[in-house]
Each structure stands twice: as structure tokens, then as C-alpha cells.
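Before any questions on binding or motion, here is one chain by itself as C-alpha cells, the form predicted on its own.
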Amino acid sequence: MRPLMQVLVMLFCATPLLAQQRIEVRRAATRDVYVRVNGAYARVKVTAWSRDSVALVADLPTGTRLEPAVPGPKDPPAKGMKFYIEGPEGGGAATGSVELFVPAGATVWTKAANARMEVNGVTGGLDLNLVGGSIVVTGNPSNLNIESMDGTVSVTGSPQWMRVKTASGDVTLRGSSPDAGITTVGGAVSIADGTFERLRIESITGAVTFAAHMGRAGNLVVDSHSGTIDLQLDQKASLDLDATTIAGTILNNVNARRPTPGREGRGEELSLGLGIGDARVTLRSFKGNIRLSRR
């Protein structure tokens, strides 16, 4: 029987194996193992599986250096693993791909410059960091932290706790979360389909579209400097809403209530109650317009 813990191909700095492009590393691991992947690659895909082991399969350019922890033949299942990928000297932009298989309850930390990150099925924690490219998460992690400069972010699932920060990258969320926060400078934010309890969205110039549900006693706060805020409510929405804009306008297509002039005659304000007011919604913008509609 082949042992569960094995290293099929390893790269070292001063060996002929540097010419190899396919690298495979396998090691027994605890179900809550902590795994870090960092360095020069163009794509990383993380997939949860039912095995108590970690497997890394990488196709990397000639001259790439991979530094994993080297297990001994009698080492116990790993509680933590680190993989650092250093591109070949003078190799230019990062290329190559990494595929990582982890126990579902693992915690995974990844970081790259310009890459595509995909994560599927992880129920543990995720900490994903990117400059440019894209991040795509599918599943229900216990906690999800994403930081991206220009890369787009797409989440489909129901993280128990989620924080997303971008500069110009757009953020798309299809799912639910009891506790979520999204901060962006110029990226557009689009949220649909799920139910939220606590959600805070902050934007400078990026447009914000909310077309999901607020749970009972839920609280939604949206703050924007000049981006449009678009709130799309279902027919049975039950909430109390306060909307304020200093230099923009408020368009209410939900009912006949019209906005009133803001303080000192600047901007507009609108307060309305729907149903029995199960949730609380606060929309604030300095220069951006606010739109309320039914879907």
C-alpha cells in the first residue's frame, strides 16, 4: 500500500530537478490544518475534499523554486503547511498554476500579485490577498477575509463572517451572511439572493446595488461619497428606512412617500416604514443618488 504521506516530486534550489515543471506534494494532515500558499503564480485553485491530507499539484516554469516543509517518513499528520513559490530569475510576470486539495475544515491563506484565485467547498477559514486578477469563492466558510487592490471578487455561498476590501475591484455576492462588511474605493458592489443580519457597505465612488433580504432584527448600513445606492426590495419587505443625501437626489418607487429637503435646505431626506419594521436600513450619501424600487 502506498503511504498516505508522500512527496512525489520536490524542487530544490541546487538540483537538476529544477527543470521539472510538474510538482506534486502530498502529506497527511489534521482536519483543521492551516495552509499558506504565497509567491509567483498566475492561478491557484483550492478544493476541499474528504481526506485527512493535503495535496499540492503545480505546473510551474523551469527555474521556479518551491519551498514546502519536507515531511519525514514518521512525521505525525501536519497541523500546518507552508508553500512559497519563487519564480525564475528574470522570468518577468508570474505564470504557472497551483492546485491545492485540503480537508474541508482547513484554514487557507493565499497571497499573489496578479492571479486568479478559486476556492471551492472550504468550511474552515479563508484569508485571500491579491493585487490584480480575480477571486472566486464558492461555499460556506466559517470566516472569509478578502483584500484586493484591482482584482474582482465574487462570492457564492453563505460565509458566517465576511470582510471584503478592494480599491477598484468590483464585488459580487450571491448568498447570505449573518455578519458581513464590504469596503471599496471605486469598485461596484452587487448583492443578491440571500438573507443578511448585519451588513455594512462603504464606498467612495463605486455604485452599490442591494437586491437581497434583511432578516428579522437585521441591520443594513450603506455609506457612499458619490456612488449611486440602489436598494431593490421584495414585495414582502418589512423594515424601517432612513435615507439621506447631501448633494444628490432620492428616487422612491416603493410607495407614494416623497423625500423632503435636507438640513439647511441641502440635499434630500426620506424616512419610511414597511410592514412591521422587522429590519433597519440606513442609506447615506454625500453626492450620490439613492434609488428605492421593488423587484
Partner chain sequence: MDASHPTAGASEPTVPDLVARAQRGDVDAFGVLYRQHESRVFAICLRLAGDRQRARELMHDAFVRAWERLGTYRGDAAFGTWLHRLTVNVVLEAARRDQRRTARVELAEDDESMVGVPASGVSDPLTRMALEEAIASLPPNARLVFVLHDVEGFAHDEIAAQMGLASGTVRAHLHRARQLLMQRLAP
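Residue numbers count along the first chain shown, from 1. Here the structure is a predicted model, which is why all the values come from computation and not from measurement.
Omitted from view is the form predicted together with its partner chain, to which the following refers.
Taking a 4.5 Å heavy atom cutoff to its partner chain in the predicted bound form, the contact residue among E86, E118, E99, D127 is D127. Just one of T172, T209, S134, N219 comes within 4.5 Å of its partner chain in the predicted bound form, counting any heavy atom, and that one is N219. No residue of the trio T156, H213 and Q235 has any heavy atom within 4.5 Å of its partner chain in the predicted bound form. Using a 4.5 angstroms threshold between heavy atoms, T195 stays clear of its partner chain in the predicted bound form. Contact annotation for R22: none of its heavy atoms lies within 4.5 Å of its partner chain in the predicted bound form. Taking the partner from elsewhere, S142 is found to have a heavy atom lying within 4.5 Å of its partner chain in the predicted bound form.
In the predicted bound form, its partner chain sits beyond 4.5 Å of every heavy atom of S176. Contacts of stretch 149 to 167 with its partner chain in the predicted bound form, defined by any heavy atom lying within 4.5 Å, are made by Q160, W161, listed in sequence order.
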